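Here are two versions of the same chain, shown separately as structure tokens and labelled structure 1 and structure 2.
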Structure 1
């Protein structure tokens, strides 16, 4: 199953991906294992885009396939749900100057399936909009997404805006994007960073667990 699923999503074969996933779910394969393989396939799609073998339309298609898998009834995470009470609240958006949303949407779909309440601000989001939404929702986590190099200064401006508004002590900030590493995350002022949606979800869940 491993190589077949990774290959299917890398080749953007929607029907084959769904067929393999449904078959594995019927066998009782762990959801996390399936998501890990899907993420590997998504990473390969991203590599092909970086190598100019795939185009933006291919990235969008990969995102659509991923979302379709997450919408399967048996792919939903229910273990952390307690009645109608959300696991936690996350405000998320792609920062000012960046219009990419695939990574953001993959993460927010995973987080929503895990029981988080998600407030998606979309793309090209001004720092002030993040601040306003944090005030409105009292969310515990802020997710900043970006793919382009110009996203780094935009992320820093957003973190600075949150801090200047006096909200930082109540909010954990996670930055997501392929350009991020420990140095850039430190420069931005984020509490953590990730290049992987599943890893990002684990980080957010650990924050909520520790706070409670």
Structure 2
């Protein structure tokens, strides 16, 4: 099924992807293996898009298929749940001034299916909104997303607001977006940054594990 599934995703063939995944789940194939192949397919779509072969619409279609697979009942990685409780809570949003949300949604769907409870504040989110939601939910992780250059000062403002509200010792902050690198991340003051949803998930999981 390996090549078949990767190929079906790369070709953005929704029906075929769902059919293969369902039959694999019935056979008892490990969810992590399916997820790994799914990511491979997503990466290929990303490559084709970067080579200007695919449109933004195709990138979005890949996101829709990705979500549909993750929403399949059997795709939830229940192993990560601690009893009925979610693995952890993540407050997430695209920062003030930025409306780009394709990347944010890919990450949050992945994190949700991995067992995190997600509080999505949408786009163009003011720092105070993030602070409010953190207070209300007592989430362990704050995820900030953005791709515009003005997202960088906005992310910094958000991190500062969390600090000024006295919440920083209870929450880990991860920033995500294509334009981030270790220098910008250092400036923002987040605990970590990533340009890749899978890697972001790994980081969030490691934080929760270290917590327990």
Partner chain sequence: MKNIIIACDTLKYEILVAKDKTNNSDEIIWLDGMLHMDTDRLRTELQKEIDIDRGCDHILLAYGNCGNALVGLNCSHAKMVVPKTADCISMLLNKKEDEISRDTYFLTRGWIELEKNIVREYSHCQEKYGDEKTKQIFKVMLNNYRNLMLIDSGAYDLNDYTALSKEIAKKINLNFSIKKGETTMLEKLFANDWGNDFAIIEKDKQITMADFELDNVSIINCVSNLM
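From a predicted model like this one, the values you see are computed outputs, not experimental measurements. Residue numbers count along the first chain shown, from 1. Note that the rigid core is defined as the largest set of C-alphas that superpose within 1.5 Å between two forms.
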Quick one: identify the form predicted together with its partner chain, either 1 or 2.
2
Would you say whether residue 12 is displaced between the two structures, judging by a C-alpha shift of 2 Å or more on the superposed rigid core?
yes
Per-residue C-alpha change between the two structures, residue 187, threshold 2 Å, rigid core fit
no
For residue 24, does the CA position differ by 2 Å or more between the two structures when the superposition is done on the rigid core?
yes
Rigid-core-fitted C-alpha displacement of residue 56 between the two structures (angstrom)
4.9
